[in-house]
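Form predicted alone, single chain, as structure tokens, below.
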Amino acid sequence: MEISADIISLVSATLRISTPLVFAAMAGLFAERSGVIDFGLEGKMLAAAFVAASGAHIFGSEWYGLGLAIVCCVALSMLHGFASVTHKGDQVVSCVAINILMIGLTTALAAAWFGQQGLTPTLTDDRRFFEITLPFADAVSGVPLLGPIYSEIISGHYIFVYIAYIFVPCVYWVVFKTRFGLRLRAVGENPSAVDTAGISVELMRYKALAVNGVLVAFAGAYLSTAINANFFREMSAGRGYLALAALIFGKWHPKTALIACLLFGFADALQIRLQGVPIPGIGLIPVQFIQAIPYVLTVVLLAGFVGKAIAPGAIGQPYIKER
């Protein structure tokens, strides 16, 4: 029973830890399927976390914070589009600029607005999100096996967790089963053919970036108004890059990207539980080595599989209309 409890706890933690990766990976999928590189996910996630926590504190509502985070991330996505889609700038440089700007700006604004070094004030209970207990979760918790699965794995998560895993089939349907998705994929593969058909390549890419901004805002807001009750310096902790790695490993497909996100989330949840636990025959492993597990896994997976992943044909290439 103890082993079962440990497994259930690990699975539950995996779902929670994977949530921001899922949001960011789905956001990156829209941008990159349209032909726009976006490893600015890290900077946008950081901006969303700061704005969500600040907005929730100032306006007294976590929903206001989430709304402001969406506005902020869509604006950053539009800025990326203005530089790389409208003015045909280098997409990698634009992403790097967003990441560097947000790392410095969020810390500076936190100090200027709240008088704290890289922190926002701790949110009170009426200004943050809490776990949701589903119906009958407490009543069935004592039922062997099925009870803990329902009460601890399915129930007891933040609303962001449920939204994230509902979004994945929705993203699949939009990208692969709708006219918008067909045009989106066509723009990322052969923009000249799309332009010949009378569809605006720039407009489609801006639409994709707008959706990208909305989705990544959920990832940032989840970090600062749900699992944490404030923003702190660089709290995204590389999750944007992990999400991009999951997207590449998943070959720019929602289902396989989700599997990769869960894998990274599992590695992170596992390293948390391994800290301070002696390994039979080995003893205690230094915390630094254990904390590196998710990032080592990322490098190994990308080194082994990135060569087999075929990116959208026109990704990273500004479209210049022939006259």
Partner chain sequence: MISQPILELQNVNKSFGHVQANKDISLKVNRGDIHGIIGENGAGKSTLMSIVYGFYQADSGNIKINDKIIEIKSPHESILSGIGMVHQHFMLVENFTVVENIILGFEGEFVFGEKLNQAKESLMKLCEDYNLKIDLNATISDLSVGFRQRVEILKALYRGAEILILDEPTGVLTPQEVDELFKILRSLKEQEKTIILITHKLNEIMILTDKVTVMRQGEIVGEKNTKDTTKDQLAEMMVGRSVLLRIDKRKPNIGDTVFEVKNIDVKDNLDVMRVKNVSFDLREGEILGIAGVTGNGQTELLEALTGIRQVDSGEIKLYGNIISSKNIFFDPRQLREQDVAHVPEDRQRMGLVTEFNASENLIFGYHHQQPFSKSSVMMGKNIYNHSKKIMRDYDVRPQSPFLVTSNFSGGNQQKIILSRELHKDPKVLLVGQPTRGVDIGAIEFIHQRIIDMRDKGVAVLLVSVELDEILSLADRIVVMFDGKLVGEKVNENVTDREIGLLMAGITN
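Numbering follows the first chain given and starts at 1. No experiment lies behind these values; they were computed from the predicted model shown.
Separately, the form predicted together with its partner chain exists; it is not shown, and the next lines address it.
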Going by a heavy atom distance of 4.5 Å, is Phe180 a contact of its partner chain in the predicted complex? yes
Would you check, heavy atoms only and a 4.5 Å threshold, whether Trp173 touches its partner chain in the predicted complex? yes
Wondering, does Leu79 line up within 4.5 Å of its partner chain in the predicted complex on heavy atoms? no
Although the partner isn't part of this model, could you tell me whether Ala197 comes within 4.5 Å of its partner chain in the predicted complex, counting any heavy atom of the residue? yes
Which residue, Gln117, Thr122, Ser192, Thr133, has a heavy atom that falls within 4.5 Å of its partner chain in the predicted complex? Ser192
Can you check 154-162, 68-76, 216-224, 181-189 and let me know which stretch has heavy atoms within 4.5 Å of its partner chain in the predicted complex? 181-189
Residue by residue through 8-33, tell me which have a non-hydrogen atom within 4.5 angstroms of its partner chain in the predicted complex. none
